[in-house]
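Shown here is one chain on its own, the form predicted on its own, set out as structure tokens.
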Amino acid sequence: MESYIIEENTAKSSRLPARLDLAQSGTGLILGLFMWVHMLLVGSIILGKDAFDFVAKTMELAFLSDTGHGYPIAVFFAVSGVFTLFIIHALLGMRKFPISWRQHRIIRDQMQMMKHPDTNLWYIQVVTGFVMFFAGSVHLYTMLVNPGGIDPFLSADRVVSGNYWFLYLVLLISVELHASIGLYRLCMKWGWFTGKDARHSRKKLKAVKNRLMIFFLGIGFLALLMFIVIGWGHRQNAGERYQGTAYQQSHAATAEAPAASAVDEVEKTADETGAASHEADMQETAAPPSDQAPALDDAPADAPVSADEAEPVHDTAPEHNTAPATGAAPEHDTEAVQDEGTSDAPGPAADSHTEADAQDQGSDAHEPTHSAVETQ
């Protein structure tokens, strides 16, 4: 029996243990309720990738963002708060852990002797709490350093490509057992929902605890299975984000509304400009013609000029350099030169012109005969 005797500290009693128990119960209540809500949010992957993406974007306060991408810093602060409560609750719970092999053997012998269900539940809490201290710390640290890595593809890649599936499986079982048993024991310890008949209330609370435990374990297993299926199909493109439509269609419509109004304004302005131009053209067409002829210098270089528009030039002398290529001058020019030569200065030049004219006339006289012979 001596091995079962543990010396007690007979020092002055203090209220500190009671206050620490109250703090442990308070942090446990917050974390237990948080884990139930967390499991419901994670279980949205069962409804589809878009549903989970909507939940993730909502947790990032995407409804407050103009782009719809949200603020991952919000997740960082939320994880920091949960991590702080997690550490505090673990430190407070370690006060009641068996810290030596002797204490552990005493508890085991008492459990076998009493066979009390609630004592067995307490021992399960001790074991799951020890596992959660390590597995939960890894998960929370991962979320703390990567608060923006929550979407259907990135979470599934972490489970499959990151080989987190075994960690999450162990963590799922430990968390749901620890949270369900802990909330049940809180109700029994502080007399919540006990009613007048404590034994009857205990049975009801145990039934509720078992049903909730099965419910959340079922959601957790289905969610983990969905992440494994998605991650396995996305393993070739691991690391790519999910291009969901959560909070982006509404923001896109909001962004398109000013653009559409601007386009309408531009079209309205163009219509007004076209109407004004058409009215100006009609006014120009209806205006009376001007009496002054248009200046030729303003016309294009290649624009044709009609005979009516072109003014005759009277001061320009007729050209006399239109002789044929043979060098023979036209008859009227030759006669004019001959008249001028005979009247002004008769001499050898006039005779030469006369002989040339005679030769030309002789050649011209023979041309019809030659043409007649060719015709015959």
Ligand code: HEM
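Note that residue numbering follows the sequence shown and begins at 1. Not measured: the values here are computed from a predicted model.
Although it is not shown, the form predicted in complex with the ligand is what the next lines describe.
Taking 205, 172, 90, 183 one by one, only a single residue has any non-hydrogen atom within 4.5 Å of the ligand in the predicted complex, and it is 172. With the partner omitted from this view, the residue of 187, 140, 127, 111 that lies near the ligand in the predicted complex is 140 [heavy atom within 4.5 Å]. Judged by heavy atoms within 4.5 Å of the ligand in the predicted complex, the contact stretch among the candidates 234 to 242, 100 to 108, 154 to 162, 192 to 200 is 154 to 162. No residue in the set 30, 123 and 177 has a non-hydrogen atom no more than 4.5 Å from the ligand in the predicted complex. Taking non-hydrogen atoms only, residue 86 approaches the ligand to within 4.5 angstroms in the predicted complex. Using a 4.5 Å cutoff between non-hydrogen atoms, residue 39 counts as a contact of the ligand in the predicted complex. Under a 4.5 angstroms non-hydrogen atom cutoff, the ligand in the predicted complex lacks residue 229 among its neighbouring residues. By the criterion of a heavy atom within 4.5 Å, residue 168 is counted among the residues contacting the ligand in the predicted complex. In sequence order, 78, 79, 82, 86 are the residues of 78 to 94 having a heavy atom within 4.5 Å of the ligand in the predicted complex; the partner itself is omitted from this view.
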